[in-house]
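Shown here is one chain on its own, the form predicted alone, set out as structure tokens.
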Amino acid sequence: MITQVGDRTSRWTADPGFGVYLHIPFCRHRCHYCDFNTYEGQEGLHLAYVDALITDIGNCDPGGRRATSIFFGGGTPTLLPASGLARILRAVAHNVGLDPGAEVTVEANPETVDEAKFDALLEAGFNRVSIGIQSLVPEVLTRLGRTHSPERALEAVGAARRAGFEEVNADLMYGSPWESTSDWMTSLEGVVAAGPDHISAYALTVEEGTPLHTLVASGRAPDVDPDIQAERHELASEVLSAAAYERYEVSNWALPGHASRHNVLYWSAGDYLGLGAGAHGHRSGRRYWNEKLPREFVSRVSAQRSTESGSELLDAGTRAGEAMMLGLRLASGVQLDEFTRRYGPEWLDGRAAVLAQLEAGGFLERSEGWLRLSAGSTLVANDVLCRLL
């Protein structure tokens, strides 16, 4: 079942489609910075989890909407055999349905994939792969708790291409205390030379509860420097722009026509199902999240109990505010007439004064009915968005 991704846009849209996110909460090794819902050493639970996830997919109600994008995230989805991932995808296709040309992404750790596995994933219907590279400098990888080599990471990109994947993303991470400017250039230039269609570059954050946070809090490792991270982001923009990648979101660059439909759906505040342990979903202003522990998730499915552990219903103002906050992360900004039709005029009217201040200060700009962050405001996007909320 090999499919090609349909037409896509990198711009905010009032109708971004319908997404499905599936969480695979297993890893061979947990990275030092990771605060995702993921667990080591639970190989004996993998098959039961796949079965439970398939059952839960059969119990979900897509509301008559077919998926325009599907994203298998983790954790390390490719820690599962391709046959297990194929079974999950078939369940989504059967119980939710796939829009013609739907984007179907799987995250991959370089240590868990080769050309044969990519062949099997393509045959199963996956048409986009996101490879976690993070760095191409051995010492930086070691300090981050990554166990693959730079060579293995680049080989994974090549293997995906040889297998026939036409949509390949490379994930990078910058701004760790152990990374020099030269190191970051090595990573950028090496990944560009490998030729992925899409590059995500995220600043390292020190999250509570992670081994990295413990090291920083105890003085055994230096904290990140926001000024250095800002320099790294600017360098990424220069290098990637020179290589024909367009920044369409604060941390995402793509060759023309290769923006991620699933990313744009998130930033356009679209609806999506969240399936699997710890997954979050959003439907028409209702946000929900699932039981985090894989074993308890499996137990709930077996007992025919709901896998949800909580939810909240957003009021109209909160929903509009969050949608604007998300949309302004896109380089396109937000189309104001469509935003008003979708959320009503009250939110914009109530913030006319602060919007005018941000425009006068050069943080926001309007052009042909679109509101967007100004070119120089990307690095202070969070501050600007907080002022709006």
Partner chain sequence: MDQAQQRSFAVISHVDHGKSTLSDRLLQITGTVSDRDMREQFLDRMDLERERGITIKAAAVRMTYTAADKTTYQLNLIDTPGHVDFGYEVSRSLAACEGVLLLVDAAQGIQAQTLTNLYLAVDANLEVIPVLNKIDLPAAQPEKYAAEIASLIGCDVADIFQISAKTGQGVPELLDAIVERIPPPAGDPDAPLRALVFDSVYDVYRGVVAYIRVVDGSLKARAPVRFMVAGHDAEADEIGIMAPDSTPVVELFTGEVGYLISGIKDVSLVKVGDTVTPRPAPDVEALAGYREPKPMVFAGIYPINGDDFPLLRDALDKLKLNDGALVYEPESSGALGFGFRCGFLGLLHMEIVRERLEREFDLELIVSAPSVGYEVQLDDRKKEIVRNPSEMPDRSRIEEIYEPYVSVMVVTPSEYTGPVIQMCQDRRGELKEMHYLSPERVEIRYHMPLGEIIFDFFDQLKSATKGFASLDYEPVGMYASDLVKVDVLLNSQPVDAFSTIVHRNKAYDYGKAMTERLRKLIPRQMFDVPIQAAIGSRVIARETVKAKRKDVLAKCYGGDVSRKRKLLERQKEGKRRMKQIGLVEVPQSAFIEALRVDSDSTSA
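Positions refer to the first chain, counted from 1. Just so it is clear, the structure is predicted and the values come from calculations on it, not from any experiment.
Note that the form predicted in complex with its partner chain isn't included here; everything after this is about it.
K.L.:
At 4.5 angstroms, heavy atoms only, are Glu234, Glu322 and Arg387 all close to its partner chain in the predicted complex?
P.N.:
The answer is yes; Glu234, Glu322 and Arg387 each reach its partner chain.
K.L.:
Considering Thr210, Thr147, Thr186, Gln229, which brings a non-hydrogen atom within 4.5 Å of its partner chain in the predicted complex?
P.N.:
Looking at the other structure, the residue within range turns out to be Gln229.
K.L.:
Please identify the residue among Ser268, Thr105, Thr307, Asn252 with any heavy atom within 4.5 Å of its partner chain in the predicted complex.
P.N.:
Looking at the other structure, the residue within range turns out to be Asn252.
K.L.:
Is Ala203 one of the residues lying within 4.5 Å of its partner chain in the predicted complex, judged by heavy atom distances?
P.N.:
Yes, Ala203 sits close enough to its partner chain in the predicted complex that at least one of its heavy atoms falls within 4.5 Å.
K.L.:
With the cut-off set at 4.5 Å between non-hydrogen atoms, does Leu379 touch its partner chain in the predicted complex?
P.N.:
The answer is yes: Leu379 has a heavy atom within 4.5 Å of its partner chain.
K.L.:
Is Phe339 one of the residues lying within 4.5 Å of its partner chain in the predicted complex, judged by heavy atom distances?
P.N.:
No, no contact at 4.5 Å.
K.L.:
Taking 4.5 angstroms as the cut-off for heavy atoms, does Thr318 touch its partner chain in the predicted complex?
P.N.:
Within the cut-off, so yes.
K.L.:
Among 97-105, 111-119, 151-159, 307-315, which stretch sits within 4.5 Å of its partner chain in the predicted complex, heavy atoms only?
P.N.:
Correct option: 307-315.
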